[in-house]
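Take a look at this one chain, the form predicted alone, written out in structure tokens.
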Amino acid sequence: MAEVKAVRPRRKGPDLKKALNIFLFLLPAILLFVGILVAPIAVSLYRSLQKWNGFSPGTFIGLKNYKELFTSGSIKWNTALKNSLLLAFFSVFVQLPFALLLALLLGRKYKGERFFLSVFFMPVLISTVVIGQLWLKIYNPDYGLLNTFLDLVHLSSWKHVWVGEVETALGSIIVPTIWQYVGYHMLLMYAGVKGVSPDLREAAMLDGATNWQVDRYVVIPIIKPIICTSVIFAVTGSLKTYDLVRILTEGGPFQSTEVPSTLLENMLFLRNRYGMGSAISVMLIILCFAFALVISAVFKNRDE
């Protein structure tokens, strides 16, 4: 009998036409990504190594801007970073637990669920400038709601010039920041809670679990990726915060509420130190990326 030789299929070479089409479709997004993100970061990094006032040619000085940033007492970088980290702390350990609690409660199909969702999310929709002005009225030492309330409950000794005193100014920024973005994180987590299969809830309830036990052992582990995202947003958002600080205190009194973004503005537009401003922006980028990576790693390790 004649031997039947197996015919091996020929390996196809790379489909150059297909690869070219993919590249052409991706090209606009690549150009946009490079033009909006990569190129400005590269320029900031280059300018951070120079002494430059924004007009005349820059002078290369190496890492002197970074050294001055961490050692100079007049720039207040350490104070600004400490304030941002304190804001991040309260965002993660006060704002997010409260947002998670609201999401879990609203996820149980209470009556008026849509109404409460709208109410809690409303501050997110309002301009931060408007919110800053509203809280300035609340904190006003003469006619503000806070001091007026303290008078009504006979606690006049607790009255302060809230945004004008070193002891209370930073807290006066933290409170409206937490209030404004609770609804944002609540909505993210609420979407995750509603995505949990009702069958899992029913199975746990049949086994005798209470609502809180279902939330703890079933719902929260499932929505952990969303919680991780909220933590990243809260921390990086705290590092980048600017609007409320600018409106409520302008970094004062005595630079006690400076944050990196207001410090950056000060260097660029008031002192014309564009090299130092670029160094601050590079440090902000590094910190945001570093915290995002660390938080993702922590949640990944806990999952494993």
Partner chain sequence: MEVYFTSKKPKPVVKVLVYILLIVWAFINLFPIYFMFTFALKSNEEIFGMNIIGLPKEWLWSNFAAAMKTGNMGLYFFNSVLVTVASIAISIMAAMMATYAITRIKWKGASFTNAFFMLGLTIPLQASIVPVYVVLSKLHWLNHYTTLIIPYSAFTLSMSILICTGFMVEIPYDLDEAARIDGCGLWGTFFRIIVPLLKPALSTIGIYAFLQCWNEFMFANVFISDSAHRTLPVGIKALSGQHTTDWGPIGAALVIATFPTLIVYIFLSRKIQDSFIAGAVKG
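Numbering follows the first chain given and starts at 1. The structure displayed is predicted, hence computed values, not measured ones. The term rigid core refers to the maximal set of C-alpha atoms that superpose within 1.5 Å between the two forms.
What comes next is about the form predicted together with its partner chain, which is not displayed.
Proximity to its partner chain in the predicted bound form, defined as a heavy atom within 4.5 Å, holds among L150, L188, V218, C228 only for L188. Within 4.5 Å of its partner chain in the predicted bound form, a heavy atom is found for none of K67, V92 and L155.
Though the partner is left out of this view, K82 does not reach within 4.5 Å of its partner chain in the predicted bound form, counting heavy atoms only.
A residue is said to contact a partner when one of its heavy atoms sits within 4.5 Å of a partner heavy atom; L63 fails this definition for its partner chain in the predicted bound form, lying far away. With a 4.5 Å cutoff on heavy atoms, L96 does not count as touching its partner chain in the predicted bound form; it lies far away. In the predicted bound form, its partner chain lies farther than 4.5 Å from every heavy atom of L16. Using a 4.5 Å cut-off on any heavy atom, the residues of 134 to 166 that reach its partner chain in the predicted bound form are, in sequence order, L134, K137, I138, N140, Y143, L145, T148. Shown in the overlay between this form and the one not shown, fitted on the rigid core, is a CA shift at L20 of 2 Å or greater.
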